[in-house]
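Two forms, one chain: they're shown below as structure tokens, one block per form, named structure 1 and structure 2.
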Structure 1
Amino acid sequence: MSLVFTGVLLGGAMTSIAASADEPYDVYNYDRWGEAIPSQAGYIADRAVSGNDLGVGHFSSPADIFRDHNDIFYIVDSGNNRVVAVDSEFEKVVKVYDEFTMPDGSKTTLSNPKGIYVSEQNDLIYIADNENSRVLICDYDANVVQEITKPTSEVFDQKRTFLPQRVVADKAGNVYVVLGNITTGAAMFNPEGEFMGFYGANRVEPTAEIVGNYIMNLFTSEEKKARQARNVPSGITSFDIDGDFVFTCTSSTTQTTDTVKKLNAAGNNIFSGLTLSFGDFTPMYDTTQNKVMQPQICDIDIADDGNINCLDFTTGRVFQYDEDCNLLFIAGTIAKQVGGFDQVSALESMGNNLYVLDQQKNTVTVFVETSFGKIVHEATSLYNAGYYEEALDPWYEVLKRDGNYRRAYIGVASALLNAGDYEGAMKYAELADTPAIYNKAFEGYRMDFLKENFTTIIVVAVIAIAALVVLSKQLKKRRLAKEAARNAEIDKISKEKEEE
């Protein structure tokens, strides 16, 4: 116990020094009980890049940022109706896409574009051209190859407009489009641009109100039902594709289920069976704005190493999770300084850097990994790949720097358990408060103990049993003797009485 406390104290002291150095916010993480505690920073804001810095004039409400396989960044500059391609260092502009050539030779421009994707397979750029109600597919020289417009299929409600917000394409060339006013999932198109149906709809959260409405509806008339507010889930806000999986996020102040999903090709959510929480655990109440800072995950990005980065619109924070959805780091805030945001809109990553787009400040903020972040990432990826023992040294290093980092204790306990150091594993499992690991370590410890001391235990047991048997016989004998004596006395007294 005392070890934990010194850990807490040391961790707190260390972070208060580190945190005050750079960030315009207190770096925190969550402890085992879901309470925010000071932590070491995994990312620090390096710089903020504006359109002016790049020499293409200020951005205007940029909506999306995407990095392609050649490490070129594409910034969707919605207000200026263009897409700006920037090199990986954010030093110079590679190309500005503001005019496109249609297959018939005519020119076309964008109108409030919202999303972009560049396919590695066919080197095509996919642009969600929101107010033109189309998805443009073009090559690197702005020659339009294909145009996806509102489907004529009956499955698509023709009364609804076609407003593409985000777009991705999978390996096979299928195109997924998030539509602004559709709650039944992303529209899916085959490589020929034909509408295939919807993909990955959110579930309705079974709140008390909805359950109550359902029961009420059993008794209400059809006309009344028609006038009721319908129970529909919030639509998908953004997504990212990683290998065969599509990760979606939903930005809603009321919805808490399905805010982040990992969908397989069939559209099934891999995370659906797990109880996961994304964003802040206990939303903060902001007294200056009189509102609860309910997390709204507005963009998601899967890093090269599989980590899941979620961008929270409400608090301007990036929440980084490992592939198993364990929280690693929290960075960013609502603030004027570098590292703070007004209104975040999109998130991208490259290697160990994070890039956050702000549609109010019109900048891209570059976060770089700290040395602490590097160690944690190394340890986490080794741990998640099953290399527990290789992850041991990085975990020890993490503990040296932040004694509050719970996953490090779990990592050390698992590594020691794998290595057969059961006593050490028990100690660290107790520090990590993970009875499951402790249980396994204790099983091994008990086995070892029995193996070593088997003879002693047997000898002691035999002697003890023998002693007990002898003792009980003695006691019985003594008791019988006592009773006999008492009976004799009673007999004597009764005889004396008779004689009288």
Structure 2
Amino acid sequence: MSLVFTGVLLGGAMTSIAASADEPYDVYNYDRWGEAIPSQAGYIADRAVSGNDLGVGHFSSPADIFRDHNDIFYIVDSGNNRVVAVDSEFEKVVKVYDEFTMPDGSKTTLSNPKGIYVSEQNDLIYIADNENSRVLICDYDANVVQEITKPTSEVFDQKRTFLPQRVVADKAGNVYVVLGNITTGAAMFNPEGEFMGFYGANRVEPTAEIVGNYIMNLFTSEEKKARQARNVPSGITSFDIDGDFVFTCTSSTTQTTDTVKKLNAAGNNIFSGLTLSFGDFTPMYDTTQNKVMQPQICDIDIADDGNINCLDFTTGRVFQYDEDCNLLFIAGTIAKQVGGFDQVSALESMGNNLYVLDQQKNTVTVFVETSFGKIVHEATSLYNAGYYEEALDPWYEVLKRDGNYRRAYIGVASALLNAGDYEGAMKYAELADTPAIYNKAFEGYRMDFLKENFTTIIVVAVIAIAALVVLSKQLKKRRLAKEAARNAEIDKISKEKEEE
């Protein structure tokens, strides 16, 4: 499949992008105008690991990958109905989970598992066992401690099959399950496995048709409303949990609202008030199918440093953002070489590395951090921790290496703003096209100007007021003199008429 930028075809925005010698794709980022521009790589592909490399035979349509708190990776090998646990170096298999012991001593196996999560709080493994219509919860020795199946609650549509796709658990032991045929959010269960309702539903995309239908419904009878087709939101595709927040993504090609969400305990989206874009700014054009292909964020990972990694199914690319959703790096593509993919399914991170699962190549590709990526991540970590001034030198070094790197301009502007260099902050904020920082810097600059020139401003104001008073008096005298002269002239004319 040949994927090229629509911007290239329409405007030649990327004609100057040079291919990286280390990657089978062009390395790029976006400038303040949203144009794709050449950039240095933050990650390069180191190697691709197969099941054969690990000594457990071919993977078959692997669907998910997860790293636990002990740095053990769990690969959901869907086609082989197993989970393969691998060490942190991806060199040795720790355990293969293909048979489990139920509480009554009987044995059970998986059927097309789709997702996995390992809890740091209770050391339990949660498996979305799709075709068995259950979530299996077991210990490290494959002893099942709990099984979550289809709820009997009236809130859950009993006509729908229970098809778990992804699963996570929070610190309190509550379990969240993405269901492949449910669009009302993730099914939420308490630690005892009791259904508590749905969590984090996406909003309906406010298209012109939907808005028009809403207005028409204001004047439509209830009978006609009942016969109309309902607009439903896109379902959650995958999620990750970070502290008290659950991050979700959707791979819908028709939805731009709620593509990526950050949900608090109440299910409210922290990103809802922000104008954000995930994936390529310009949709991709597939020359083989002659159609525009929208980003499809099929998986999300929150790294240890708080960065947000999003995996785009359409392009096979990883888009990495900082905590404020500023784009840091783009890696990967659709290609046959190492660093390229046929069909991505999941991603994970550990330290400075990224791990991307390909369900057609049946491999895990390991991306390692470059020297440029290291400097950017150092600066970003300092910035996110509130050490703006300490991040200044790394940001300057980033700009030395890549003068078009927008995130560095934002970092420098923030650091200068925090240091009280408002003129410098205004300059870099303008280069980064960040009105919020620019406005704060301008307010500080204006306040400093008033403080430094307060005496002069007062003196000038007093002189101006005095001048206005004197001028007003002079104008008043002139006006009175003119009125007196005019009155005298009128009196003279009146006397002359009387004498005649």
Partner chain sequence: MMDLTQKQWVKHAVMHPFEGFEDMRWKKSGSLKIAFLIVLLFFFATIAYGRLYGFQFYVSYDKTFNIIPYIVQSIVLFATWVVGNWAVCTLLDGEGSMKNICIYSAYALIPYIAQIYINVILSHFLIRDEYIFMQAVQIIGIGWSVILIFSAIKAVHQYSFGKTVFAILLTIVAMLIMLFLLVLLLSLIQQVYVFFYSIYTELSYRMRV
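Here the structure is a predicted model, which means the values were calculated and not measured. In this text, the rigid core denotes the largest set of C-alpha atoms whose superposition between the two forms falls within 1.5 Å. Please note that residue numbering is based on structure 1, beginning with 1 at the start of its sequence.
Structure 2 is taken from the form predicted on its own, while structure 1 is not. Relative to the larger rigid part, the smaller part rotates 16 degrees between the two structures, based on C-alpha fits. Taking the core as reference, the C-alpha deviation of residue 432 between the two structures is 3.5 Å. After superposition on the rigid core, the Cα atom of residue 446 is displaced by 6.8 Å between the two structures.
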